[in-house]
Structures are given as structure tokens and as C-alpha cells.
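In C-alpha cells, the next block holds one chain alone, the form predicted alone.
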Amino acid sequence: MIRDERIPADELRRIDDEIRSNWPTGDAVDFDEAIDYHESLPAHKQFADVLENADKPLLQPRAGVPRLDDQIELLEYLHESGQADLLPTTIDSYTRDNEYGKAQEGLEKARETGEDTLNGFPAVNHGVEDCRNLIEAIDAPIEVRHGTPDARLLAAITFAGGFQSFEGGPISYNIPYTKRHGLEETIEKWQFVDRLAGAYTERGVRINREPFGPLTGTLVPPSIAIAIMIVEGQLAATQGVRSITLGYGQVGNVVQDVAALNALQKLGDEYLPDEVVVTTVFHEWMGGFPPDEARANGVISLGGMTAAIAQPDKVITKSPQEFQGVPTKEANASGLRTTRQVIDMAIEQEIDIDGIAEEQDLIERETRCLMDTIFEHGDGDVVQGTIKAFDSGALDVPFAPSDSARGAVLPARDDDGRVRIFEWADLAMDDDIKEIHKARLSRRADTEGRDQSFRMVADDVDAISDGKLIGRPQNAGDV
């Protein structure tokens, strides 16, 4: 039975030896030599320091292509033309599934044809040397972004390759992504990732860890997302991580999003150890986008305005071509510049919006209910509490494909567009909070002249891609 306990040094070495034998590039990983390499990097490439010392939200896109030269070209373009402050290397799907043989085939085909035969950068196949070539070529910090339930070899190679930030976690890269891995399995594997990051930290190389805040990306109630961020932050801290960026995905109502980002920072500071530096990242809208690029830029601009008011440490941007899939580099850079323009215009203004404090208080109360039930389920142990809370349904994520979550909780927007919970199932929450959600959803139902039903949920899922925030019926009275 796994618990929230630090992996001993001898066990860390044993696992490290085992996972590095899974692919030939693992042989090039040398921890002590990697420490020397990290120490040689200039200050402006030290990810945690750059992020933590910024005086306004830093912008980072998503981007990954298979060939090294193309990845360098892409990141240079996003840095220079898009004015990105931080840069990503998004990993391909085969690597995320630990299918390194298929990733190798795709990489070789990409090299032969010049085409993007993979949907990301296969860092395990490139190995330590190519990762370092990428780090050295780009004049900004770079983060590994992926979606890997078992990210142990990816972490070993990219850490040794000079990357100093690593996205994901055992819940946020399980529940929204996979049916193949149980929660206990992914927690155990991510304990290694976090312990390895902790080992680098203890040698003076602070690896920033960033749990994936949007989860399923579809109307996730803020308190559920925040509770999972806190849990993953606690798990990382146990293993020695000291720079943790907690994530949150935009839901679209400015009051609720600002309140949630405020609560995320406050509760992160409260629940995580004092020695951990807690930062936050805001993901622009992760759901469906309008097909029209002008309207898509409107969605992006709303994210920029929200970031200007809440001032998270980092913003993950979107492009006006989200509807069609992977954007061109020009569209990706456009999304960065749109976000920066809105932030730079709005951040110097004193924007006072009613309702933020009240909404933040509600989110904090809900999050504490979820954290309390996790601790109760595990008798104080966050690992066992998380596993048992998900198993009982006391903790849940809407629209989750994983068998480790029931996916029985259903959200819907209220009459102001804030995400409330329509179907609670067995989610642990105080009755008075449930009544608040019920009343606000009832107000929307009255406005629209219909009963509360699953139809509201379905309408809201598609609303933003249809050009609005709330999924109102076309004949909704005088709405």
C-alpha cells in the first residue's frame, strides 16, 4: 500500500536504473554530470527563478514538432514574433503512452520526409544531447508539456537534458487522459518523477513542477480543480520539490475565474509547506472554440482580461485556429500577441468588479470540504485519502474518461455564467453549499422558462464554440 512518504535514496537509484534501461537513450543520463550542466546555464534560462521573479504575468504557448531543427525554429519564432516569455516542448502521443518504438519510427519518417509525422517532440528518442541542443539554441526557459501517466523515463532524460520545468501529475495526467492506468499506479510512478526533481533541487537545481489545472477542460468546477492541484502539490513537496506552479483552466465568467485564481494562490500557500514557493498558471479556455478566427480572438481576449485582473504568474495562451486543431506558428504567435496586448492595456488599470470576494469565499469553502474528506478518507495520508475519496465518489471530476473517477458529477452554468454543480452524486460537500448551487441554477431555469435538466449541461458544453457563454435555448423568453 503506497503512502505519502519520500522515496529512499536506494529505491530512487534502483528505479532510475530500471527505467533508463527501457530505451537506449537512457544510458546517457548521468545525474552528477547533469547537475554540472544545469549550473552552467545562464540565469535567464533558470525556469523557476524567471517565473518567480516576474513582475507581471508571463506568457507561454503550446508547441511541439518531431524534428530538432524544426522545434528550434518553431520556438525561436514564438519567442521573437510571438514575444513568448516562457516556451514549451510538447511531447508526442506515442511517448505519452511509452511506445518509444513507434515514436522512433515516426521520428525517422519525419527526418526522411520533412513532414510532421508526430504530434510533438519525442524527447526520449532524441535523448540528452538533442535536448541540450534545444535548450542551448533558445534564449528563454523551456518547459516539458506532455500528458504522460508514466513519465519516469521522460523526466530522467529531459532533466538531464537541461529542462527545468515539468508539467503534469498523477491525478491530472490520469483522470482526464487514460483508462489504462489506475490511480494508485500513477501516483506511485509520479512519486519517482517528483523525487527525482527533489534530488536535483537538493543539489541546487530547482526543477519547477506544474500540475495540469484544466483537468478534463470542460466546465470543471473551480473547487474540484483547486483541490486536485493542492493534492498534487503536496505529493510533490513530500518528495522534495520546492517550486510548484498550480494550474487553473478558464471557465469564462470573469468574476469566478478571478476569484478562483485568488483562491488557488491563497489555499496553495496555506496547504503547502512554507519552504515551497507557490506560483499559479492560468490556462486560457480549453473547451471548444468558435470556427471564426475573429470570434476566437474574442475568447482569447477575455482570457487576457481575466489574467490582467487576477495577475497569475503565468498564462498558457491559445490561438485563433483552435477549432481546426494544431495551429500554424503564425496563428500561435498571434494568440500570444493578442493576450499580451490585452494584459498590457488592462494591467495598469484599477479594475474593481463586484462579487469577486463573495465568490472566492464560496470556492474556498468548497475546496476545504473536499480537502477535509481526502484527509478523512486517508486518516491524514493524502495518497490513501485521494485514492479512497475517488473510489467512493467523494472526490470526482466531470466528464472523466478514467476508470479511477466516477465522472458522475455534472456541472452547468448559472444565470450569470458561473459554473455550478447540477448533479452532485456522492461528491463531499456541505448541504448549505449545495443549496446555493441549486438556487442559482434554479434562477437560470426560471429565466429560460425550462426545468433544470441535463439539457442545460449539454447546451453549456457547446456554448462558447457557438459564440456565447451560456447555452441558452433559442426561444428562452426575453433572454
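One rule holds for the numbers: they count along the sequence shown, beginning at 1. Note that this is a predicted model, so its numbers are computed, not measured.
Missing here is the form predicted in complex with a further copy of the same chain; even so, the following discussion is about that form.
Of the stretches 364 to 372, 334 to 342, 228 to 236, 103 to 111, only 334 to 342 has residues with a heavy atom within 4.5 Å of a further copy of the same chain in the predicted complex. For residue 469, a non-hydrogen atom is located within 4.5 Å of a further copy of the same chain in the predicted complex, even though that partner is not displayed.
a further copy of the same chain is not drawn, but in the predicted complex it has no heavy atom within 4.5 Å of residue 388. Under a 4.5 angstroms non-hydrogen atom cutoff, a further copy of the same chain in the predicted complex lacks residue 90 among its neighbouring residues. Contact annotation for residue 115: none of its heavy atoms lies within 4.5 Å of a further copy of the same chain in the predicted complex. Looking at a further copy of the same chain in the predicted complex, residues 83, 295 and 464 each place a heavy atom within 4.5 Å of it. The listed set 360, 201, 321, 253 contains one residue whose heavy atoms approach a further copy of the same chain in the predicted complex to within 4.5 Å, identified as 253.
Distance criterion of 4.5 Å from any heavy atom to a further copy of the same chain in the predicted complex singles out 305 from the list 183, 305, 286, 140.
Along 1 to 29, not one residue places a heavy atom within 4.5 Å of a further copy of the same chain in the predicted complex.
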